[in-house]
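Only one chain is shown below, in structure tokens, and it's the form predicted alone.
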């Protein structure tokens, strides 16, 4: 897998959030997007996740030398961010079954059980998400993002709402992602930066 970002510009009205962002990453590479608050880190993550389109420029996903159609990118990426919402009235299991069916993941029940145990949520599968603490909900977002074993994992603020044990667990998963795929994180945390092979700084304009 390879991602190429070329001359990315994002503008809201007259305000330019991102200007001429260029980078290329491939399997086995981890990238940290850094910058001050309001510099566009989250905007860039959303562009990479195909949630919003750049005003100008392009993001290309390639596999075995072939470009992946934009409408199929979601099959290859996992995303964790504080702005992603879970269905609060549903149980964790119901949330995950829904996400798994949307992605047509085979044998998803076994995968869910594995990840729920890894992330310390075993035994809480049938609790409503609204009864989860903020840290538990963050860990559940990692379960959802990793269900389909994505080649690309995009994480905005990896440590958000996590306690020390949760951070340790998540870091182990992120290191594993680095070995077999692409990891891109948006952060200013020095400990998070230890996960990254490369850094891309975005600046408020």
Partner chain sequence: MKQTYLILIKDLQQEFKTRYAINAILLFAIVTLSAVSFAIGTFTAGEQVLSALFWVILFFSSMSGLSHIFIREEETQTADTLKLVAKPVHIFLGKFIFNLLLLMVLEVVLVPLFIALMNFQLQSSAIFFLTLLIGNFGLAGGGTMVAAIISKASAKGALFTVLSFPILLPVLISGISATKKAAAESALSSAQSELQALFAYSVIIITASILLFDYVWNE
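None of the values given here were measured: they were computed from a predicted structure. Residue numbers count along the first chain shown, from 1.
Note that the form predicted together with its partner chain isn't included here; everything after this is about it.
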Please check if residue 29 has a heavy atom lying within 4.5 Å of any heavy atom of its partner chain in the model of the complex. no
With the partner left out of view, is residue 118 within 4.5 angstroms of its partner chain in the model of the complex by any non-hydrogen atom? no
If you check in the model of the complex, is residue 122 within 4.5 Å of its partner chain, heavy atoms only? no
Verify the contact flag for residue 74: yes if a non-hydrogen atom of it lies within 4.5 Å of a non-hydrogen atom of its partner chain in the model of the complex, no if not. yes
Among 155-163, 64-72, 171-179, 32-40, which stretch has residues with heavy atoms no more than 4.5 Å from its partner chain in the model of the complex? 64-72
Within 44-83, which residues come within 4.5 Å of its partner chain in the model of the complex, counting heavy atoms only? 46, 49, 51, 52, 53, 70, 71, 72, 74, 75, 77, 79, 82, 83
